[in-house]
Ligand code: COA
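First, one chain by itself: the form predicted on its own, in structure tokens.
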Amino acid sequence: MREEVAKLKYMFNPRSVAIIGASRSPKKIGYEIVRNLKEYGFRGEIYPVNPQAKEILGFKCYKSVLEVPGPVDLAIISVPARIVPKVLEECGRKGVKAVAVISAGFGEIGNIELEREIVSIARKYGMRLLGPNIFGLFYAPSKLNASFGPRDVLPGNIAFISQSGALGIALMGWTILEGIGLSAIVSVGNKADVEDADLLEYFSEDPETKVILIYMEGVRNGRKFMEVAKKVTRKKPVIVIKAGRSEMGARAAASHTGALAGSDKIYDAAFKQSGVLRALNFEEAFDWARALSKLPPPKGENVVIITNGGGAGVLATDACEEHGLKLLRMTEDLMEKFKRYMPPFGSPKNPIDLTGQADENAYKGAILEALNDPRIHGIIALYCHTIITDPEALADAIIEAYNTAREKKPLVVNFVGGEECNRGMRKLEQAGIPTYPTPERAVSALATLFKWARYAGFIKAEYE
């Protein structure tokens, strides 16, 4: 890891944080950051800096970072843009290792010289600078929520990097609602110093991160991004939502963070060459990220669909063809195995139709059969709610099959129904089995896992 990237450890695992511009007023950014640090349970020292206050949320206040008694690894700066250079000089003299500049009013509004000045100061003192024009950062393992976004982010294995502040904050809340766990959230804003390539390299070595997801409007150094991405994507999946695909969208992106949006065709080609998985929207991106962060890579190409509804099976079959997933051609001995879990009018072909009479034991037996057969490398389990089966009991049966199988394989599940199905799906998610509300979304997620596994070399040969 490059030395300048290694310094990012002070951002994500700081021993102490100073909040310069901390406020006593609720709803002010400087107050919310102190509150999030305290209430999320940050284990290190918290030093609010405000020359007009003596105490904020029970923490002693200091007039300047220079008056803080102990060392400061990370400074969160939330003061007017014109004051940021002075504050950075004080941080440098204090020996601060990294700074996150919340303040806006730099390159995104054409104030390029001021942005260059703060980068120059940070580099003079060897500090890494995140931002400016950001909402902060979050890192689950160190209980660090140094942001003014939602507080109770769920810990997980997905690192989310966002160039948009408002969208990033909204998606923080959305992941909580959807039960999606994150290892990190990083608001990069104008990317004046720390950029996507640095974060890719850092998270590629982070044991708590299995997938890296980026919302991107543009890059400052495309060649550097590609070089780093080519290496990282061999180790870990990288998903990018690249905004500004249209000409008008590109202009909007440029006015938002001062990003150099560039031609979308160039980005598309660069992503393909470097193994980056491009999602068209955040729903798709997080669908993929959940599968890629929870499931093992497949060892071969063969997929089976197990369903209790012919219609759902047909929809999934169409989606498999569209996404390049290979449905296994069933042999006689395999069909005989699956016939044990269905009535005489069921279909042991692929899709394997257990029929509407299937209960949780039928699903458990069929899924376990698929998990244990070496010719099968991925499973799509579909369930349309019937009165015969309790979705929560079915979820328990699927979990038991997955946990008792001789080998872990990629398994995605789709439940179609009402609130009972939602409860069953939540059980599966908590057990580490990705679930989706439609067959097509389940197939898309599994297909992306297979696509990355081919690129990274996990799928060595085709099997029949």
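Residue numbers here begin at 1 and follow the sequence given. Just so it is clear, the structure is predicted and the values come from calculations on it, not from any experiment.
If you look for the form predicted together with the ligand, you will not find it shown, but the lines that follow are about it.
Only one of 172-180, 375-383, 129-137, 196-204 lies within 4.5 Å of the ligand in the predicted bound form by heavy atoms, and it is 129-137. Each of I20, V49 and A104 is positioned with at least one heavy atom within 4.5 Å of the ligand in the predicted bound form. This chain appears without its partner; in the predicted bound form, the one residue of A269, A166, L154, I109 with a heavy atom within 4.5 Å of the ligand is A166. Note on contacts: among F225, F148, Y215, F286, the single residue with a heavy atom within 4.5 Å of the ligand in the predicted bound form is F148. When the ligand is considered in the predicted bound form, P80 lines it closely, a heavy atom lying within 4.5 Å.
Taking the partner from elsewhere, K86 is found to have a heavy atom lying within 4.5 Å of the ligand in the predicted bound form. Looking at K9, you'd find every heavy atom of it more than 4.5 angstroms from the ligand in the predicted bound form. R24 belongs to the set of residues with a heavy atom inside 4.5 Å of the ligand in the predicted bound form.
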